[in-house]
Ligand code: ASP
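Heads up, the chain below is alone and in the form predicted on its own; it's given as structure tokens.
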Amino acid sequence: MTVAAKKLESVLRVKSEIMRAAGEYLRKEGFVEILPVILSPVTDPLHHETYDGKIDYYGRPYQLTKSMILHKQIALRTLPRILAFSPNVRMEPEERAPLRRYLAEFVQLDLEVRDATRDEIIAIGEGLFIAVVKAVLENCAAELESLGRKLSVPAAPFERITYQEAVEQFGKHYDEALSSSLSGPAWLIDFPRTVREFYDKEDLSRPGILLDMDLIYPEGYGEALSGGEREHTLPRILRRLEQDNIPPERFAEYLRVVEEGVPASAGFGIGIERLTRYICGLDHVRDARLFAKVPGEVDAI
């Protein structure tokens, strides 16, 4: 076996343990796993440019799932706590390739909790992250040694930094500088409404500020997850769509369900490949999966 193949084997064994440990932790916390949605007439609009994976489905335009956020909200009408290992297709512009953390095809561990607050979801995120690191240290010590990676278990609660503080200290493009400055994972909170999606809940006591968060890895590895509380009433969602200049017709099927009623909720999605990259200390997220597809490259299988 070549050195490269041996390294990949170690990485894939660690990733397998990450997924096992994450699922085990969440099931103990009362989560029920649902199957992911791959095709839908609606998916996450995102707040940055991507190419749409459109498919003609019996004469109607369907899309490959960019994120299960809208379906997670709807799923909570049936179950109070759900998780899904969800394949996502986000065909990013080529200029994102140098950041080394983008893939056109990746898996996101999505979870959502009925009637939860941001603080409650942050606590779940911290518990999940700590449980995964502990499991990898215990069960993949040989793989980490072969990769030359030394990890420590972070202590909760993690540091919290506001979006405004990050911009003031590191500028508008704060991502890598903020991540490189951290000695442990930290929460970035209180994003302005204008930079996030219509489903992120606005704090009624602070107009224009959202009850959302990102988890940021230390050591320059960047964003780990995004999440927060969700808008769930039809008037507020319609207002947010109007503010973002998104035609309501684009989300007609989703809006019909919202009109019937969806619960208040909060949740997040954490990228499995990015988590594997951080835990294994990899230079590029492409090294965290087989058959990786990187923005700007078209020769991958």
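Residue numbers here begin at 1 and follow the sequence given. Since we're looking at a predicted model, the values are computed, not measured.
The form predicted in complex with aspartic acid is left out here; the points below concern that form.
Each of 73, 114 and 254 having a non-hydrogen atom within 4.5 Å of aspartic acid in the model of the complex: is that the case here?
No, none of 73, 114 and 254 comes within 4.5 Å of aspartic acid in the model of the complex.
Of 191, 102, 217, 199, which residue is found within 4.5 angstroms of aspartic acid in the model of the complex when only non-hydrogen atoms are counted?
Contact residue from the list: 199.
Give me the residue from 244, 52, 33, 44 that has a heavy atom within 4.5 Å of aspartic acid in the model of the complex.
The option sitting close enough to the partner is 44.
With the partner removed from view, which of 233-241, 53-61, 262-270, 246-254 is the stretch that lies within 4.5 Å of aspartic acid in the model of the complex, judged by heavy atom distances?
Partner-contacting stretch among the options: 262-270.
Mark residue 118 yes when one of its heavy atoms lies within 4.5 Å of a heavy atom of aspartic acid in the model of the complex, and no otherwise.
Residue 118 lies outside the contact set for aspartic acid.
In the model of the complex, does residue 179 have a heavy atom within 4.5 Å of aspartic acid?
Although aspartic acid is absent here, residue 179 would stay clear of it in the model of the complex, with no heavy atoms inside 4.5 Å.
Please run the contact check for residue 227 against aspartic acid in the model of the complex: heavy atoms, 4.5 angstroms, yes or no?
Yes, residue 227 lies within 4.5 Å of aspartic acid in the model of the complex.
Does any part of residue 69 reach within 4.5 Å of aspartic acid in the model of the complex? Heavy atoms only, please.
Result yes; residue 69 sits at the interface with aspartic acid in the model of the complex.
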